[in-house]
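The form predicted alone is given below as one chain in structure tokens.
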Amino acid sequence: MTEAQPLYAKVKDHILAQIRNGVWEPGARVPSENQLVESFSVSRMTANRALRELTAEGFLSRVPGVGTFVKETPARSSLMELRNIAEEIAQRGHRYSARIMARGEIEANPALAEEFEAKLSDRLFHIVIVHEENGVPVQLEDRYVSAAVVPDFMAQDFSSMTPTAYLLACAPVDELEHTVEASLPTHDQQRLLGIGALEPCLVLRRRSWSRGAVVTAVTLTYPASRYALYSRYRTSERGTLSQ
């Protein structure tokens, strides 16, 4: 004789079925605790547990004082390849926009000179851009570019073309370096990305070379609830990268 399914699990299964069958799409509001209590003849505690567990499992997003919603599946960006975020967003059928927060020219400080394998007197371009998907910030780009390698970088209109697209067109890449870490946002990152102090972020630091020279060093910050980094590649039988 099998044990009866707990009431909270029945409520969870119903909500999951509605999501998986496409009845409730991402962003749709799900019934409130009071509505679940009435529909399933369960206690408020049971309804609360069902919603709480589905939120913890990543299916729902609860906004205090507003309601509970089907959580959007985070967009994905390739970790191992250079991808133009504007094209990624367009491929999903969404609207891309950008806000340029800072741009200018500087002399390399000791840390940047080391990153660019350059001299302290070498000039670098600096640009900060917030990339948006359907008006929602999904990536903060903080980029330095070698003025010697890409002298016309600052003459471009990066409100309509991404720096990645321009750099790939004028300085073909032959080597990449990636570092990924998780961190909590700084005050400026919270403001620019429209997130709270406790929203975890994925931080991708990347350098690229062209013909032996460092072209650019960029830090890309993604709110973890809105974006994911992924990679897929062939390996040897021992799990090493195929040549």
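Rigid core: the largest C-alpha set superposing within 1.5 Å between the two forms. So that there is no doubt, residue numbering starts at 1 and follows the sequence shown. In this text, all values refer to a predicted model and were calculated from it rather than measured experimentally.
The form predicted in complex with the DNA exists for this protein as well; it is not shown, and the discussion that follows is about that form.
The candidate stretches are 173 to 181, 214 to 222, 55 to 63, 196 to 204, and the one lying within 4.5 Å of the DNA in the predicted complex by heavy atoms is 55 to 63.
Remark: all three candidate residues (Arg44, Arg49 and Thr68) come within 4.5 Å of the DNA in the predicted complex, counting heavy atoms only. Proximity of Ser39 to the DNA in the predicted complex falls outside the 4.5 Å heavy atom cutoff. Taking the partner from elsewhere, Thr186 is found to have every heavy atom lying beyond 4.5 Å of the DNA in the predicted complex.
Taking the rigid core as fixed, one finds a CA shift for Gln189 smaller than 2 Å between the shown form and the other one.
With the core superposed, Arg44 shows a C-alpha displacement of at least 2 Å between the shown form and the other one. Relative to the superposed rigid core, the position of the CA of His178 differs between the shown form and the other one by less than 2 Å.
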